[in-house]
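Let's start with one chain on its own, the form predicted on its own, as structure tokens.
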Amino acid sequence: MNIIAVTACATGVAHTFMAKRTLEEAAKKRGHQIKVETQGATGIEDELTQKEVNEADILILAVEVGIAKKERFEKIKKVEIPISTAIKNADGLIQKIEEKLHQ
């Protein structure tokens, strides 16, 4: 599966990057490709390209605040979760996504 994600927390620092790391680790552990864009105090980092968005199977929005450039994601399947879910149970989240996409 080809996953893209955006992480953004209210302060834009610690939780944004913790969620990025846990999502990346969980996806790779389960054999998936993932790219995670962060939006926070330093702006957008690792910005997703339109090509990456078009080629993705699913978008994970692990956000607590509004995100910039959200219109890029209008036509893609998405899951929106609290950032704490990505940090605490990224593996369970990826597993649920696998099950939903393979129904």
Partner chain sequence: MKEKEIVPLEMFVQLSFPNAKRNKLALFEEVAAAAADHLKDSVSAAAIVSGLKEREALSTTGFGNGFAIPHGKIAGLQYPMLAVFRLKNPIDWEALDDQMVSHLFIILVPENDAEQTHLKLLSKLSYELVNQEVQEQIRQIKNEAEMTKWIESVFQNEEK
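Numbering follows the first chain given and starts at 1. In this text the structure is predicted, and so the values were computed from the model without any measurement.
Below, we turn to the form predicted in complex with its partner chain, even though it does not appear here.
The shortest heavy atom separation between residue 42 and its partner chain in the model of the complex is within 4.5 Å.
Contact check for residue 84: a non-hydrogen atom falls within 4.5 Å of its partner chain in the model of the complex.
By the criterion of a heavy atom within 4.5 Å, residue 46 is counted among the residues contacting its partner chain in the model of the complex.
Interface residue remark: residue 18 is counted as part of the site for its partner chain in the model of the complex, having a heavy atom within 4.5 Å. Contacts between stretch 54 to 72 and its partner chain, counted in the model of the complex as any heavy atom lying within 4.5 Å, involve 64 alone.
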